[in-house]
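The chain that follows stands alone, in the form predicted alone, written as structure tokens.
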Amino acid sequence: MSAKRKPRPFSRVALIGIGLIGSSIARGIKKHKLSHEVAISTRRRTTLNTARKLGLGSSYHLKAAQAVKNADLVILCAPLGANKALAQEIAPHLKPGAIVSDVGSCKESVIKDVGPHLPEGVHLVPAHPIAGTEHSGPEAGFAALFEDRWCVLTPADGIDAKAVKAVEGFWRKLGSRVEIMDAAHHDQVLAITSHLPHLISYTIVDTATDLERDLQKEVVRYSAGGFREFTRIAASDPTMWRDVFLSNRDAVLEILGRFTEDLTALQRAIRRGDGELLHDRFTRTRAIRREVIDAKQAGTEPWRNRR
């Protein structure tokens, strides 16, 4: 008789998508022994083969429907624009009591695109681990990615409390600090803390590509810390960020409008030589940086460079 397997929080976890976040989850599951099986699904055979070579899962599938069979936790790790089609594909194959979650940067769109397609008795607990790098693909993941980072859960009213508790426990075991938040509020917060900075970075780097060739070479050659950081952010996955802006367009447009007004005010101050206003704004923003460091969200920890 074979020895009994030691109990783990989940019997089978299905990861639909295996990029930076999905592969980091897979590594974290293995490190912290959170599931007996990890089923991995992605539509690209080359990506699936890479995941297999890295030993990220226990089974590998080109069809998401195959991966979710008998899974008690399914995590959607694909771009937001794929969620509706994925939900429709996996819905008939989900077992009663299964939990469906995700890792997307917009939460209202997940509730709208995924929730209506799930069968009765399946629980949707959207999640957003606020962690990442500019790198993508299964090779880019590492188990420490979520350590001491926030993961926000946005379950809709009436979602089974045990399911929410299970997802909360899962992320805590991966090292995250967990917060439960209203989905609309989450999207407003992320519009300014993440989405707007990415939009600005893409714009600044794109502006540099339109410069005269000689000037463009010098911009690249003499990149100082500010521009270098913009290029790091702008190197993020373009498909993912396209979907983020389309999924959270209302909140992003609102914040972008406010930002445009503030930028115009600074432009006016520079034109008029109003050093007092400039100094006041820069002093206020410097204080915010100190708060970010004190909250341990500055991204300067040694493990951030670990692969």
Ligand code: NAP
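What you see is a predicted model; the values in this text were computed from it and never measured. For every residue, the number given is its place in the sequence shown, counted from 1.
One more form of this protein exists, namely the form predicted together with this ligand; it is left out here, but the text below deals with it.
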property: 4.5 angstroms heavy atom contact with this ligand in the model of the complex for Thr47; result: yes
property: 4.5 Å heavy atom contact, Asp237 and this ligand in the model of the complex; result: yes
property: Ser35: touches this ligand in the model of the complex, heavy atom cutoff 4.5 angstroms; result: no
property: Proximity of Val103 to this ligand in the model of the complex, heavy atoms at 4.5 Å; result: yes
property: Residue (of Leu124, Cys151, Leu73, Leu80) lying close to this ligand in the model of the complex, criterion heavy atoms within 4.5 Å; result: Leu80
property: Heavy atom within 4.5 Å of this ligand in the model of the complex - residue from Arg43, Lys53, Arg268, Arg258; result: Arg43
property: Stretch in contact, per heavy atom within 4.5 angstroms of this ligand in the model of the complex, of 80-88, 93-101, 174-182, 114-122; result: 80-88
property: Residues of 126-150 having any heavy atom within 4.5 Å of this ligand in the model of the complex, listed in sequence order; result: His128, Pro129, Ala131, Gly132, Thr133, Ser136, Gly137
